Every structure is written in C-alpha cells, then in structure tokens.
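One chain is shown next in structure tokens, namely the form predicted alone.
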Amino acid sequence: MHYLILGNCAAGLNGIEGIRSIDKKGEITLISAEPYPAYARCLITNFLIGTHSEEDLYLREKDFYQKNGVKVLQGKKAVKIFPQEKKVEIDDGKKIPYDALLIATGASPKTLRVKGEEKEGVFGFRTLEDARQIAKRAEKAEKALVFGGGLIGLKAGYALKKKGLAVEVIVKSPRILSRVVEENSSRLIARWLQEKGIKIRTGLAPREILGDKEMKGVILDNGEEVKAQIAIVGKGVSPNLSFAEESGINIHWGIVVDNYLRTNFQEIFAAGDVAETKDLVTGEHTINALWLAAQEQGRTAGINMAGGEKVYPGSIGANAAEFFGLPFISMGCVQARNGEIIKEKKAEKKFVYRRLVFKDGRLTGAVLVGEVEAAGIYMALIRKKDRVENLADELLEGWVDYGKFEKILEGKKGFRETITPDGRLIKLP
C-alpha cells in the first residue's frame, strides 16, 4: 500500500499519524512545497517578534519522518492529479503513483491585484519564509502598511509594531475583523490597537505600490501617497487547489468531502484548509480554516485511508488572538441573523466585552474580549447543542461553576478545555 500526502502542516502531519495508527508497514510519501519540517503557522508572529526560534515552531522531533517510514520530497509542488491513473504530477515533471491520496495543501494569501505588488517589500504572512523575509526587511525599515483588517494582517502589524516600526492598517470596509467578530468587539479591539500606537484607517484601499525594484510607498484610492518600506497583504486566503481543478475532483469553495473526509474518488481524501466540511452550528458545508480542525481532519483522513471507518463530525468556526496583552476569542455564529437572541456585557473602559448568541434556547456563538477564561465552557455548550436558556444570565456574567455544568456536559469530551490566544486548545485544571 502506497500512501501519498500533499502538504506538510497540521493536516498532513496528522495524516501520517492516522495512517500509522492502523498500518505500520505501508509506504508513505509526503510532498512539501516548503524546505522545513512541519511547523506551527500560528506561531510565526512570535518568530517575527523574536520570542520564538525556528526550532520552537517545529511540531515534532527531527527524526519523526524517519521513525514513521516517510519519504519526504521537499521543495516540490503538485501540478496535476490523474485520478484514473492514480498518479500525481509534481513540478519537476515526475508522476508519483498512489493507492490512497491525501490532499492537505493548505491555503495562500489573496493578492492585492494592483500595479507594483511584485516589488520587494510586499509580503503575505502565511509561512515561516514570509516571517524570515519580513524580519530581514524590518531591520532597515521605518514604516509598515497592512492592507486588510483580518486576523493575519493584524498579527503581522502587531509584530512589526513590537519591533519598533510605525504601523498603519488600511482597510476598505468600515471596520477591522469584520469576518471574525461583530461591531462592538471590533470597535473595542481597534481602540486598543490605536492606543498602543497602531494607526487604523477605514474606507481606503491601495491603488499602486510605488518604487523601482523595492517598495517605497503606496498611492491610495483617494489619491493620497503614503511612504512605507513594508506592505503586508492581509486580505484573507484562498485554498491551494489549482492542481486539482481539471482532475474531476468535486470542488466548491474547497474540495468537497463526506463524513469520512473522502472526495468523490474512493481513494482520494482531503483535510485542512482545502477541505469543505460540515459546520456544526449552521449545518452548512464550508471551510473552517482552523488549526485544531486541520489536525482532527488529517488524523481522521489518515485512519480512513488505511482502512478505518472514523467519522468526522464537523467543526465550529473559531478565532483567537492576543494584542499587547488583550486577548479575544470568537466562536460559532457571532452575528444576529434570523431569530437569534443576543446577550451582551460591556465594561469598555476596562476593555472587557462578552457577547453570547442564542437560538431556540441553545448557545450558538460567543465573543469574549479581555476576559476569556470561560471559553472552554462556551465552546462545549455550542458543540453539545443542549438548551441552556435558563442559564443564559449566569453564562453572560461568567459565573461558570464546572461542577454545575458537568452534568449538562456529561459525556462530552472537551468540556474542560479552552482556546489559547494563539488558537490552541488546552486542558483546564
């Protein structure tokens, strides 16, 4: 049995472990576009700031691949899949056969689509190499512009501010984090960032990147010229799927998979930021580009590739970060859409805000700013889908007694877990 894995991050790495939990001897080949061992992308902000070394980011020991009998082809990309032949063509022209294939190629930053964005100094913020090059450029830079108000761009801007650069966030929409949190949280976080020295300007977008070979500034769509030496493109990501577009694999927003992470081809699976799976709150199929989801999907896909029958139940959208000591977490559906009841608690002078969203008596979403200790309980209640309207006021106030909630959450793994600001799930004491 020959297993082929495309991608070497959370989903691909856990795919290896899923396979090996069942099949100890099958041949595994992994194709990685990057020259590094698998690392935690959610920690590249820390690497850019300088609090973490490259080795601190690695997810497994150096001999992980050797111990698991994995042949790794680094610096290679898939360019085409031939499902009928059961082969994948890579960028050196070779075709690699497989008996089972896992597509775990992740996502890449969206581009600006403006003149001059190919110049030196314009970066995405997705990979360790991005962080390396930004850090090098920052040594001789004075100002950085962040285009887009999403989480990735803000993390890069935060890191560069910590390194001593002037930072300006330029976003076309009326507010930052518009796809992550609702208006009240967005306003509070924006005020915090601005008080810490990050300038935020809304209703604007870049028209042209200035400079010869290197970026020297930008012309905005209002005609204004702004000098800067670094630009971070933080306008979201798109799944890496170009190699699969003519393969016959069913693609919608991402690669469509069933509850076993299998595509419309029996021997092809997908996991991570390329996989379109069930959202446990809405019931719709979507891409929840989350680290924990990628890990669980990868392992589930690996088990099923090796002959298992493990069901992937779906995921809940969640985002977490911490800027200058202010943590925030959002999970589930945080906007009011149709029939939701919103409960809020505000202490804006202290930069504390809590928003809970209920529908039909069930908790379906939560946003926590400043005080995030109860996040594990809220996530578990969203997953459990039990009616908790009689406890809504206690939940809003944060009067969370684990003994009281234990019966409600009995049998639900994870009710004593919480999400850290860098997106990890940890056990509570």
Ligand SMILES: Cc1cc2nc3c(=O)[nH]c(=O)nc-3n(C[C@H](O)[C@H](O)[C@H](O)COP(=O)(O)OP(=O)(O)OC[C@H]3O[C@@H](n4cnc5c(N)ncnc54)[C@H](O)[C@@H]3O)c2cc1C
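Only a predicted model underlies this, so the values are computations on that prediction, with no experimental measurement involved. Sequential numbering from 1, following the sequence displayed.
Not on display, but discussed next: the form predicted together with this ligand.
For the chain shown alone, Ile44 is a contact residue for this ligand in the predicted bound form, at least one non-hydrogen atom being within 4.5 angstroms. For the chain shown alone, Ala320 is a contact residue for this ligand in the predicted bound form, at least one non-hydrogen atom being within 4.5 angstroms. In the predicted bound form, none of the heavy atoms of Phe328 sits within 4.5 Å of a heavy atom of this ligand. Although the partner is absent here, Phe125 is a contact residue: one of its heavy atoms lies within 4.5 angstroms of this ligand in the predicted bound form.
Scanning Lys76, Arg207, His285, Arg175 against this ligand in the predicted bound form with a 4.5 Å heavy atom cut-off leaves one residue, Lys76. Interface residue among Leu261, Ala294, Leu145, Leu102, judged by heavy atoms within 4.5 Å of this ligand in the predicted bound form: Ala294. Residues within 4.5 angstroms of this ligand in the predicted bound form, judged by any non-hydrogen atom, belong to 240-248 and to none of the other stretches in 240-248, 346-354, 219-227, 185-193. Shown here without this ligand, the chain has Ile31, Ser32, Ala33, Glu34, Arg41, Cys42 in 27-42 lying with a heavy atom within 4.5 Å of that partner in the predicted bound form.
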